[in-house]
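The form predicted alone is given below as one chain in structure tokens.
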């Protein structure tokens, strides 16, 4: 695997699951904002936000991964990532920390009921296993 344990990741939670994104792919992390819904969009597309004058689409991994809907709390954040020269917001229940992994294993076919194609790998550190998201698969989903 070409991603070494020296790379830094932002680890976040959705429900009881922990996920991570390579820190270099993250533009910023913001508190929850009012989201304007987009009619006739995919169920996981929550709408758009106005981020300092820039319209940014926002998706819910909870909906994408067919997890039970949860309400937003004061810990809810939008992780804004840069992908293919566009910004996309991802709603997460909470941002845990910036971390590195002592080992990254290839993902199995299914990770907790979710297709392994959404993951670059499974990060292992002293505390637990973390699914490292493959943004190409998550954001370019049809």
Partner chain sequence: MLDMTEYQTLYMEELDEQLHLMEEEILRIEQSGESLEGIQRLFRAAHTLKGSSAAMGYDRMKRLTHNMEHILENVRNGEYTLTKELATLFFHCVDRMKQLRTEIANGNIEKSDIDDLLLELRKDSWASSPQNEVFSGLSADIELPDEALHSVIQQMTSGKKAFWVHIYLTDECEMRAARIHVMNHLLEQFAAIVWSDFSRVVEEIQGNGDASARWLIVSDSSEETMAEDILQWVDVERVDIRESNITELKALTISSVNDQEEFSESSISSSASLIQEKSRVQSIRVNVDRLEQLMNLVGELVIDQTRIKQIEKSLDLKFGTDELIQDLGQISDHFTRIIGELQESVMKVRMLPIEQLFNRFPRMIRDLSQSLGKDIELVLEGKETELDRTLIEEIGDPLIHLLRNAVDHGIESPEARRERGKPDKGKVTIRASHEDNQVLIVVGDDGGGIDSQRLLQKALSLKLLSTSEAEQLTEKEAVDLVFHPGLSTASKVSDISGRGVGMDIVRAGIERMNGRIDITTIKGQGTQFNIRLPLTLAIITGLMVKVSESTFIIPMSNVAEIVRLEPEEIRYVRGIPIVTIRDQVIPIVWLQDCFGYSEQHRQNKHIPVVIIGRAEKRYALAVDELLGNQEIVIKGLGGFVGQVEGIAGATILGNGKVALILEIGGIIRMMSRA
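Note that the structure is predicted; figures quoted are calculated from it, not measured. Positions refer to the first chain, counted from 1.
This next part talks about the form predicted together with its partner chain, which is not shown.
> Where, among 85 to 93, 70 to 78, 111 to 119, 24 to 32, do residues come within 4.5 Å of its partner chain in the model of the complex by heavy atom distance?
Replying inline: Of the options given, it is 85 to 93.
> Counting only heavy atoms and a 4.5 Å cut-off, does its partner chain in the model of the complex sit next to every one of 100, 104 and 126?
Replying inline: Result no, not one residue of the spot touches its partner chain.
> How about residue 66: is it within 4.5 Å of its partner chain in the model of the complex, going by heavy atoms?
Replying inline: Because no heavy atom of residue 66 falls inside 4.5 Å of its partner chain in the model of the complex, the answer is no.
> Does at least one non-hydrogen atom of residue 59 fall within 4.5 angstroms of its partner chain in the model of the complex?
Replying inline: Contact with its partner chain, yes.
> Is there any non-hydrogen atom of residue 50 lying within 4.5 Å of its partner chain in the model of the complex?
Replying inline: Heavy-atom contact with its partner chain at 4.5 Å: present for residue 50.
> Does its partner chain come within 4.5 Å of any heavy atom of residue 43 in the model of the complex?
Replying inline: So residue 43 does not count as contacting its partner chain.
>> Suppose contact means any heavy atom within 4.5 Å; which members of 19 to 41 contact its partner chain in the model of the complex?
In response: Heavy-atom contacts within 4.5 Å come from 34, 36, 37, 38, 39, 40, 41.
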